[in-house]
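One protein chain, two forms: both are listed below as structure tokens, the first as structure 1 and the second as structure 2.
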Structure 1
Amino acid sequence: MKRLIPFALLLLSPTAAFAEAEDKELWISLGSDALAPLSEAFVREGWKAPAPSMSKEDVVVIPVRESQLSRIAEIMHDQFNRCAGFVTFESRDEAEQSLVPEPLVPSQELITYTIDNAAAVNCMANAVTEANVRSTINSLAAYTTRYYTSTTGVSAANWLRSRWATLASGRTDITTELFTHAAWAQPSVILTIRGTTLPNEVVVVGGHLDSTSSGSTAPGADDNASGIASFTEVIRAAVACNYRPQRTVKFMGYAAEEVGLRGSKEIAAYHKNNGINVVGVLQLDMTNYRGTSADVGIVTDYTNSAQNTFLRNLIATYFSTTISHVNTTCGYACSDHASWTNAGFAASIPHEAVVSQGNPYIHTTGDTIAKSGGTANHALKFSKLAAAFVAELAK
């Protein structure tokens, strides 16, 4: 894949190319409901209030400086419970063009969501363990920060790639790679299980590996070590069950989500621009804090309704007595699924709770596993759901 590099090369100089990067002008798109609160916050910071260059329906485009991205992310979380809640672009033209979403990729209209692969679902769902999910959460949360420009953010990505490679050892049909991004240090991480009979059709399961805060401790145990941990355990279970999907499956840890979905936006664009037939995307972002009585909040905005129904049917078929669900909304660009939706691919995001009642500790030094009771019991439910998604959609 273009721009993927061997693991060892990145270790040589993870941040040297970015150490003296200028505070460049970037452009972001965000929901128009966030413009007034953001402008007020800019004034309080002593910054010039942003002037929209273009708006369309409920989305506006404004210019910002790169140094302002982390503060904008804080505002979007504090005011709207969105993470990040905006999309970052390198140019004004790119940002304005994004206001016209891509139509659904034609091949996706042919997808049928059948549920008839119980043997694979049950094997993987029964193989996942709370201890393994908890271990991955703790390993990622141990980094001081996983911020996208930090040395520890790069180290965390390297660790994740190494962990996935270890889980996949012995399987020649599985590869692990780094997807580098030209504008910042932290790479994204991709593990690919090549499909047996439909290798050109791709199922994606992803979540962001970065955390907030370049200047203080940001363990990000729930946001989003938990999502990464939930599907890392699916990788282990797939190998343990000798699952060999007909369609290709890609597990992705995205860089730089907290500053405008930057990693996933580049990856989704790569797949679209290269004509890669992505038939479905599952996003796991925050899976371990149970803020509501329902286990799963299925996000209904900026997602694909048919695939959302598929998720509900998976729960009804395999987990009716152990996983409850409710619909919820998340707002504009609230996580990486929006990058795939904007590129014309079917994407869904099952959240740890109703979004408005999710983890109140995220984006703080207090985002630790202790705030989720010290276990990964809730995140394990998302491992089971993701296993069913992979087993049934990639079969």
Structure 2
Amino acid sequence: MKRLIPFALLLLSPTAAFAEAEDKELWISLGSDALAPLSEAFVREGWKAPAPSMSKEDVVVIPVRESQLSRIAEIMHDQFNRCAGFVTFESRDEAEQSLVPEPLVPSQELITYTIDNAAAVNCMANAVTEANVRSTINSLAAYTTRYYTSTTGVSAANWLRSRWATLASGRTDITTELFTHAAWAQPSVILTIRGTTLPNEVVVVGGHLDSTSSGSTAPGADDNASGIASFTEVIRAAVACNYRPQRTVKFMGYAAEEVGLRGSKEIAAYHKNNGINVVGVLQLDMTNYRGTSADVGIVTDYTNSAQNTFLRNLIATYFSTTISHVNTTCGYACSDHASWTNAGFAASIPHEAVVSQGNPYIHTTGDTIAKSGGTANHALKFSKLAAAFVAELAK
């Protein structure tokens, strides 16, 4: 609800009054263990300590102002060695409802996973190249920031859309679009390959295209230019192999992940509310920093265990000598896969390492490709895995 601004205040300080009026109330959910340190930090900032409206098991819901979000993200990051996440909601109702887990949408229980499309997998997995993945990482990381409210954050999304459109030119079954969000400037980007025989069944591969703080440079080379680059190369390979999926495949670059999964939350809600049959979702967030001897950390929380098993089987079938994996957990809704999981869809996130041993430079000015040895060798493994996921799930 809009608050009235006293006329006297308008006369005294028009800009401050308008800034206040536009500073929307939002609601965030976060781990209860973060509440006390966050309250102390709020007081240090000169803000009122947060008052939870609801708490359940180990999660609480608190009201905040939109202008506080980026500082909250920094506080959470500084205070917890893990990046203690929070999820942002537009209303109190929506935030409180999120604490009640969504059952799988009924069609999800009928999905069967088979592995028998070696020709398509091998063509695409052999077509992907390190140089192309590196080039996309460098293009995205060159924007000063991809923060969701920044002009460069909007430009980066537009650049991605035109890059994808170029890759798909010549294919009338492939379209690209911007998914705009009413509450902020940066759009999400979606490329759709229409399915040949099962166009109403949808396979999603996505990752966030935004980066952090609008204040200084936020190259986000690993978080998450790398994930976007890994699957952008799958798009190129799909065209090079003249791959025509039976199911529809949608590649998605989500806006506004770093401020509480906001872009993906709207997109998952759109699919759910329109009864779109999303068969499976693969999230790529941070793919280019080899933090552990195992190549891939399969995140087992806020994900679908049957689909995670499918991922392990894909690796065993196609990449047993080149990609190793281990289980890991985030401990919270750490990326956009959780938006899909919370909406009742099957989602997985193969990560660059065991979560606690991933890239320590994320969310800083130092998140550059140099920290990954200047190559995209690690991210390329995720291109291969994503190619296999698409070829075997969208057939």
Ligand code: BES
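Here, residue number means position along structure 1's sequence, counting from 1. Throughout, rigid core stands for the largest set of C-alpha atoms superposing within 1.5 Å between the two forms. Because the structure is predicted, anything quoted here is derived from the model rather than measured.
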Which number goes with the form predicted on its own?
-> 1
Just checking, between the two structures and with the core aligned, does V43 shift 2 Å or more at the CA?
-> yes
